[in-house]
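Next comes just one chain, in structure tokens: the form predicted on its own.
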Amino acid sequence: MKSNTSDGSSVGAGFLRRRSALADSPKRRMAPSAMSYAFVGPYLLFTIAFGLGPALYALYLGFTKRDGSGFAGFANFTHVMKDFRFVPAVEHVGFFVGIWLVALIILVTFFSLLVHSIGANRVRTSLRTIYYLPGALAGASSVMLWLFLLDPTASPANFLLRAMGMDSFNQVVVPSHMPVIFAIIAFWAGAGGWIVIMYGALNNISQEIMEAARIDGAGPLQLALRIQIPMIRKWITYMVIMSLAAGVQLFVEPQFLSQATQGSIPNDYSLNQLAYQYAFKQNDFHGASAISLLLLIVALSLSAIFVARGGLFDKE
């Protein structure tokens, strides 16, 4: 028996040594690396061609004179900022993004906690699917659907619109209502995906921590406020940063509504629309580039604040 055990140990040790040698061989080490480059390579090429390249070209245009004669300094930036349409566009986008981000933080977190608290697996799965379905619609399709829903003469929710004193489509889609309407459209289209992501983050919280808190007498509200929300704070921060980057680029919704209302909503309502007007209506690509760079600076600055305050890259 002793010799058998000894022989078995020797065989096992020899097998482990051979497996370790294979794992440490140069070919074994290089294969995963080569495969990773094969996967990342096409993405990197497209990023350079359609991301970095246009960004550098916009940077070049933003700081050169309109006649191409040389360096313009900040002249293009001051030119667009003095445009009478610039400040209203900033206000429109600011109101929209503020409403949208607050709605995302509060409602996405609430619905994620609600779905996570449901015991029946089928119910949870059904709710996640229902939440995610609106995100399957493209931006243009989503706006077309909301054009129908916002028309009191055709909308299934016309009783709500009439209760608010709006009897026609033109009474609904007025400029003062637009930040709220755009926030509702954006939330409806994008919140479902974030709810699914937050639900996955909640599933990663250790059940031992949750059980310990319950034993200490914590109720559902205390669990949410003291444990669950703090432990998914990084995911909430990530959601805010990504939504901010998308929100400042508001374009499709006001562009469609401008066409549908025949000018009731101006075609320079948002900053992206104003940049479009500069580029393709006024043939001023230098001014359009200046607006895009201003948007980039604002988005990066706010994102840096959220990263710092939200502890996105802090080690736990």
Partner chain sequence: MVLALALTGCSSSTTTSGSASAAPAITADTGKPITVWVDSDRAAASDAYKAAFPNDPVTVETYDGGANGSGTFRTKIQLFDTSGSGWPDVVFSTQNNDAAWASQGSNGKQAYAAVLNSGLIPDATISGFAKGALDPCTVDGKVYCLRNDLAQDVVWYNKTLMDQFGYKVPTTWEEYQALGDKLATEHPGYIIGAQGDPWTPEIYMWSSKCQANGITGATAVTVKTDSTECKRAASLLDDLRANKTVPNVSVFSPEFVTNYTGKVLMMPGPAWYGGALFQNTASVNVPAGQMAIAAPLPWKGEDAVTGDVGGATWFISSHSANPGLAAKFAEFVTTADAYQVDKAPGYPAFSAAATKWLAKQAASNYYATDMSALTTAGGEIWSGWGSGISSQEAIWAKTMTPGITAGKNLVDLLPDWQKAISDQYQVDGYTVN
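Numbering follows the first chain given and starts at 1. In this text the structure is predicted, and so the values were computed from the model without any measurement.
We do not show the form predicted in complex with the partner chain, though everything after this point is about it.
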Checklist entry - Among 211 to 219, 170 to 178, 236 to 244, 116 to 124, which stretch sits within 4.5 Å of the partner chain in the predicted bound form, heavy atoms only? => result 170 to 178
Checklist entry - Can you check whether Asn267 is within 4.5 Å of the partner chain in the predicted bound form, heavy atom basis? => result yes
Next on the checklist: Can you tell me if Ser69 lies within 4.5 angstroms of the partner chain in the predicted bound form, counting non-hydrogen atoms only?
Outcome noted: no
Checklist entry - Taking 4.5 angstroms as the cut-off for heavy atoms, does Tyr43 touch the partner chain in the predicted bound form? => result no
Item to check | Tyr276, heavy atom within 4.5 angstroms of the partner chain in the predicted bound form | outcome: yes
Checklist entry - Which of Tyr60, Phe280, Phe39, Phe50 has a heavy atom within 4.5 Å of the partner chain in the predicted bound form? => result Phe280
Checklist entry - Within 65 to 92, which residues come within 4.5 Å of the partner chain in the predicted bound form, counting heavy atoms only? => result Arg66, Asp83, Phe84, Arg85
